[in-house]
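A lone chain, given as structure tokens: the form predicted on its own.
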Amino acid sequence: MNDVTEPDSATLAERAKLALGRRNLIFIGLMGAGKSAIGRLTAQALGIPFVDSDHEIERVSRMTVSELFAAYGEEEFRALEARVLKRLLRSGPRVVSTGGGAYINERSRRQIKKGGLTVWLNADLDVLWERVNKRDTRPLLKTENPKQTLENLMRARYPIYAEADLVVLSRDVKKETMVEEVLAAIADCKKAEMP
């Protein structure tokens, strides 16, 4: 007789890893959505490497994202970001968290879509604002009204983020809950693994 119970986290992680196969798992979304924190924990649960594309950009350029924006502007930053993402997505599986604008850049978006399974961490304005307003490290929010800027970014970017393979609602719950929801979305994903 089969005992039907809810799958535990380990079983869920195994199912997700099997569904992911050799693909990369790429987190997209606005700043403050939790791409790095949830990405890192998801990678641990899956037993695969994690890389934050912004940290990798800072490592190779020896400058912070804010310094890159100030010195070279957003267009040059996005070109560097596209090159770094192309390199990161060549092999897998790994979990990659991207900067908020990476998926908006058409060149990067093509690479991301080709490079693996995308997860959009979708958060509402109040959640994002609560998370990002405490730090002064967000170059796109160095405006007269940063909350309005964030809302404008949401309006412009959310229709593009909606092209992601998977969508998970980012909200104020335990990080472990978010990871389980990501793993469940991967495990239930119907997108066939790429050869």
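This is a predicted model, so every value here is computed, not measured. Start at 1 with the first residue shown and count on from there.
Omitted from view is the form predicted in complex with a small molecule, to which the following refers.
- Site annotation in the model of the complex: the residue of L12, A185, A19, M178 reaching within 4.5 Å of the small molecule with a heavy atom is M178.
- Taking the partner from the other structure, the small molecule in the model of the complex has no heavy atom within 4.5 Å of any heavy atom of V168.
- The small molecule is not shown here, and in the model of the complex it never comes within 4.5 Å of any heavy atom of L46.
- Heavy atoms of M154 never reach within 4.5 Å of the small molecule in the model of the complex, leaving it off the interface.
- Contact annotation for M63: none of its heavy atoms lies within 4.5 Å of the small molecule in the model of the complex.
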